[in-house]
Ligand code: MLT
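So this first bit is one chain, no partners, the form predicted alone, shown in structure tokens.
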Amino acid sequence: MRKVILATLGALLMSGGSAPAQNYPSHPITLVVPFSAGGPTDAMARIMADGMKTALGQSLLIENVTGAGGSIGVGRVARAAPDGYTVSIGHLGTHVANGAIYKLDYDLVTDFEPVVLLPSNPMIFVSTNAVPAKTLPELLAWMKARPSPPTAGTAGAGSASHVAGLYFESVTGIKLQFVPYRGTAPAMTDLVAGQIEVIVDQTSNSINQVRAGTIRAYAVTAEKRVETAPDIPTTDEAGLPEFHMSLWSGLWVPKGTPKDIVAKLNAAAVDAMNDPVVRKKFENLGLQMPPKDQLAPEALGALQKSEITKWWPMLKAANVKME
């Protein structure tokens, strides 16, 4: 019996300990969304979870862990076992900007393994219908003429809506009074109700409210119009040239997760994004699919590092600090 045990251990060592990975996944996977249910990241996560379960043969369970611009939810994954059963979904805010704003107890690059780049989300200028401006130039003039800064909803310091707002301030010189929420879903609720005045929001979070006429849209921050909302001009067309910001998203797992598990998750995500039903859902939200040559884990890792180089200087110059 001792010889059998030793032989089995020897085989595992020779194979790099890959037996657990070969059986992966043997039970449901937790996909941690660092924002509240109903928001744009949550919506993307649920579409991806539904699309990936076929290839993986297991369900992906959504866990919403909110707070601190998404840094609490991301930290939950950083501290998880590196076995592929806890996955982080995040974006430019959670996996880039937060490193310049929050005192994190984890490193956004070295404590994670990138899995795959997900669809990107152009930002959109929206306001409550009570704002008198009908065009982007009118909105800028209205903001400049106010005795106090307009209230701008965000999903917390370091979130995409906050980064976009800071970028807007740096480009226009117009100050905003940021109002943080635990996600853009509750921020949108208050925008519709007129409790706040504007959001530089993710298109996927705002587009249905724009279509319903409950809020007003001014421009998208992409170089071309969103196909499913062709009546909304770009910032170039609307009078704010070169104001471009696309919120890319991705999947990560804890550092040390076996490469073949990362590969299985990557393949399942790519299969999901190639599914016509999944693609249609993303397109209806105004999302843009990632280029086919940018779907390897290494591509997401390279993008994340380049975005840190791009955005951290602006965020640090703005002196945005959260303990």
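Everything numeric here is computed off the predicted structure, so don't read it as measured data. Don't overthink the numbering: it's just position in the shown sequence, from 1.
What comes next is about the form predicted in complex with this ligand, which does not appear here.
Asks: Counting any heavy atom within 4.5 Å as contact, can you tell me which stretch out of 272-280, 288-296, 36-44, 22-30 lines this ligand in the model of the complex?
Replies: One stretch meets the cut-off, namely 36-44.
Asks: If the criterion is a non-hydrogen atom within 4.5 angstroms, does every one of P122, I207 and R225 touch this ligand in the model of the complex?
Replies: Checked in the model of the complex: no contact with this ligand for any of the three.
Asks: Would you mind picking the one in P114, G73, G183, G84 that has a heavy atom within 4.5 Å of this ligand in the model of the complex?
Replies: After the contact test, the surviving option is G183.
Asks: Which of T221, S161, S127, S88 has a heavy atom within 4.5 Å of this ligand in the model of the complex?
Replies: So the residue touching this ligand in the model of the complex, by this definition, is S161.
Asks: Within 4.5 Å, heavy atoms only: does A155 come near this ligand in the model of the complex?
Replies: Looking in the model of the complex, residue contacts with this ligand include A155, since a heavy atom lies within 4.5 Å.
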